[in-house]
Each structure stands twice: as structure tokens, then as C-alpha cells.
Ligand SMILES: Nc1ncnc2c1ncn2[C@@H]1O[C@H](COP(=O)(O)OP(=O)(O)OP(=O)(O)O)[C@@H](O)[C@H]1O
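Shown here is one chain on its own, the form predicted alone, set out as C-alpha cells.
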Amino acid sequence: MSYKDLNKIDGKIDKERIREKDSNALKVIESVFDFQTSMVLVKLMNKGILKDISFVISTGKEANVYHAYSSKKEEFAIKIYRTTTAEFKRNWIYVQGDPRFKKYKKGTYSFIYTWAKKEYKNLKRMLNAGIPVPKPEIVNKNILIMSFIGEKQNAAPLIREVNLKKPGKVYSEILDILSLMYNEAKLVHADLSEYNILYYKNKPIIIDVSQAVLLDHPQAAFFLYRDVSNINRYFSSLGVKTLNNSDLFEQITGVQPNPKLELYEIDR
């Protein structure tokens, strides 16, 4: 199915297309491809950064992810954050207090552009710390271009979709990642679960890091405790003998968690 909107915007573009993978693909595409987003895509194509947008990899409340090719035939993942979603109103807590974004202007578009930039910066920070994440290439307004995790248009599955042969080994690898994230990248993922870990070439890959916070964030300890609890819950369900939440928290941070963390809830 041809996607003609971009051609209407710029007559020079004649090969941009998104292939429909299911009956709802057109609705999914239209929900994020507003005029401004289309203009940014056209600019990226005119610069030779992108050539084809192939298909939808995943959809979410905040963003959709697409498979794409560069002019050099590299496979990319393009994350396009919706500019018409109420989800971002709940995410202010992950930006508030972050010294990297003190000057962001109020307003939906400004916040979404900041949110995209935050994921880009967090990915770079994690990659530099040796954490397995997609390599961030470019961020422009509400569009983030990253390396594609997979090959030949076959995207890596979420870890929850894989029948892990050695779940205990994978659990240990994720604990190492959590430690690296905290002690080297100085970040807490803040939303880690089986829904944002890919499994590729027998290794876990961390994704969806826009909400990740610096360690001096006022809720960083709670977010880490929640991440630890989520990972322990999932791997316990696979029969893995996991560490106690508090022991794992202490193993990562070097300090015992406040007992109140287990009872603390946050409005997200």
C-alpha cells in the first residue's frame, strides 16, 4: 500500500512508502504523521539520511516505531512520538529536575521534542557506558532515528516473546546491565520490564529509555526499586531463583533501600 502524503508535500520524493502489515496500519500511520512530522521526514530524505520507510515495527501510546532504510541501505528504526497524545502530560515528572533540560519551554510540542531529545541523550549515555541499546543516530523534533535491532527486516522480539533456554543466565545479564546503568551511566531506567527488553543474538537489549532519570532525580530510588521489582517478578514467573528486591537494590547501589520504597506509589 502506497503512502502518498509525503509526495504531495514534496514532488521530488517519489519512493517514500510504508507497507501495510495489518488492516490497521493506515490508521496507525496517520495517527503520528501530521504535517510537521511529514515535513521533517521529507527533509531527512532530501538530505539522504533516509530513503524508504518500510513498515510498522511496533505501536504504543506515546510513539510508533518504523523500519526504514538509509540512502546507504542501512537498516534503521525510526521512533515517531505522537504530537496528539495525553500520555505526555503524565511524563513531566521524568523531565522535571533534570539539569539537561532546564530551558525547555512549556507546551505540548515543546515537551514532546524534549522527550525525544531525552531518549537520544539517554541512549548515548548508556551506549558510552557499555550498555546494549540501539545506537542513536539523529533526533529532529519528534523523530528519533536509531540502529535497527534485527536484520533483513526481521525485528528482534521482546524478551517476553522468547522461550528462553537459560532464563537464569539472562537474568544475571540484566542484573549486570542494571548495575552498569546505575554505576557507569549514572541513570535509572525508571520503566524497566519484559516489555522494553529485546532479545537479539542471545543477548538482552534495552529499549524505551526516554523516561530514564539521572541519579539525583528526587524519585530515582523509587524508580530503581520498581525496576528491580519488575525484573524479579518476571524472572520468578519463569522459575528463576531471584534475589530479594531489597538485596538486589543494595547490590546495585551499595546502600540499603528505605523500607518505605516498597509501599510508595507514584501517579504516572
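Quantities reported herein were computed from a predicted structural model and do not represent experimental measurements. Start at 1 and count along the sequence shown; that's the residue number.
The protein also exists as the form predicted together with this ligand; that form is not presented, and the subsequent description refers to it.
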### Message
Please determine whether Phe148 contacts this ligand in the predicted bound form, using a 4.5 Å cut-off between heavy atoms.
### Response
yes
### Query
With a 4.5 Å heavy atom cut-off, would you call Leu158 a contact of this ligand in the predicted bound form?
yes
### Task
Tell me, yes or no, whether Lys61 is in contact with this ligand in the predicted bound form, where a contact means a heavy atom of each within 4.5 Å.
yes
#### Entry: Pro136 within 4.5 Å of this ligand in the predicted bound form, heavy atoms
no
### Query
When this ligand is placed as it is in the predicted bound form, which of 177-185, 139-147, 91-99, 124-132 ends up with heavy atoms within 4.5 Å of it?
139-147
## Note on the structure
Assert contact residue (this ligand, in the predicted bound form, non-hydrogen atom within 4.5 Å, options Ile207, Ile231, Met45, Ile53) equals Ile207
### Query
So which of Val170, Leu198, Ala116, Ala190 gets a non-hydrogen atom within 4.5 Å of this ligand in the predicted bound form?
Leu198
